[in-house]
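Just one chain follows, in the form predicted on its own, and it is written as structure tokens.
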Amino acid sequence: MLGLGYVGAVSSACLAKDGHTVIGVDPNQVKVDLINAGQSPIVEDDVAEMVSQYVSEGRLSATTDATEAIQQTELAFVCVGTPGQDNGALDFTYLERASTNIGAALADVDGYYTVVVRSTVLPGTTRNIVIPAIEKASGRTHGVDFGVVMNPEFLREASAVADFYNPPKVVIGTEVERSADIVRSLAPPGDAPLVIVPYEVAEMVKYVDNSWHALKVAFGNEIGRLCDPLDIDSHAVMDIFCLDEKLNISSKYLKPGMAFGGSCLPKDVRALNYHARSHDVELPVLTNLTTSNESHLSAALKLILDTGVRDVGILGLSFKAGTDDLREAPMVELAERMLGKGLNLKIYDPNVNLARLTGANAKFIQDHVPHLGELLVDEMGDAIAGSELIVLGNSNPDFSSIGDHVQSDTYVIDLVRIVEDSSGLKNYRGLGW
């Protein structure tokens, strides 16, 4: 266990409890001496008792000598720090040193060895820093003589031991099946989902988790700041909010795709921000929702313009499949911008039929985009014919088979990831994937 900080100390104690022989490695002599004296180097429920017991039983020890530890073991966990710098960049000094030390030790080790990175590192780190450093120092080949796994941890302080044995998920990032099997065998029993993915996916997961947690905290706090001057119980509001596990506390709306739109979300976000300003309350997260949405729409336009084509067929105009509602539909705005850039458009949406539009939808068309009505075609084939680029604007199931209707070199830009198999499309692009 390279690194006897928070993650390393907890992991060492838990793996020793599971019956493994664990050697902790740290350059800090104080931490090493504490472990060898049966004392925990961190304050965390249950860890002190576990360290004391398993040191006395001979299953847990510590040293400052990484070579000695590597040469006496079959697997190494890398739990060294990756401190942040003032500009946000990470300092990989400790990670590079640990990787080099592992490699130097493996130069004199016979047999296969597995290295598990548990340090929180940015995507590309395992592939571009850890593996090359080990190979260079050892003279051995990754995937043949040793395997590296990225295995992010999801431990919370004050409940780390419980989290170790009941993780929300087990993520194994590797391209080496042998090492994946070894790490899978170490996973605690239970029903936590286990996934094996490329290194970069496993590395990114931890950052997505922590950013989401930070966003939730900031969101809850902003709701509280607005509720306070309105004399509303913010905890009652958020308690009710959290009751909804169908949409609010769920996977809904969390997949990358097109910008948000429709008759509710944009209007209500603007109204809430207006109400906050009228009470002199600053809500940076909520205020910047529309800024983020606008940036995403601009990214979609750039993706289209970068193809360099002029004749475009749009499949899906309403803000989501199964409706004819065009009010604040992001595809309407995108179509407007495409026209402004001189592109020639044909638009097909089976749910948008001007002859049947009534009420707010009819008024929206008449007042805001009457010229788009002239671009609507009756059949999907009409929009495809003669188009060099097809833009998929909503998730109508009929659009998922676009590959069966276009030439293999036709540009297809999928803004909602409706295409499941794009292997037959040479010029397929996604917005955020």
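Since this is a predicted model, take the numbers as computed values, not measurements. So that there is no doubt, residue numbering starts at 1 and follows the sequence shown.
Beyond the structure shown, there is the form predicted together with a small molecule, which is absent from this document and is the topic of what follows.
Using a 4.5 angstroms threshold between heavy atoms, Arg140 stays clear of the small molecule in the predicted complex. Shown alone here, Asn101 lies within 4.5 Å of the small molecule in the predicted complex, counting heavy atoms only.
Contact annotation: Tyr428 falls outside 4.5 Å of the small molecule in the predicted complex, judged by heavy atom distances.
Although the partner is absent here, Asn273 is not a contact residue: none of its heavy atoms lies within 4.5 angstroms of the small molecule in the predicted complex. Here the chain stands alone, but in the predicted complex its contact with the small molecule, taken as any heavy atom within 4.5 Å, falls in 26-34 among 51-59, 362-370, 26-34, 388-396. Here is the short version: of Gly81, Pro266, Pro132, Pro350, the single residue with a heavy atom within 4.5 Å of the small molecule in the predicted complex is Gly81. Scanning Val281, Val237, Leu155, Leu75 against the small molecule in the predicted complex with a 4.5 Å heavy atom cut-off leaves one residue, Leu155.
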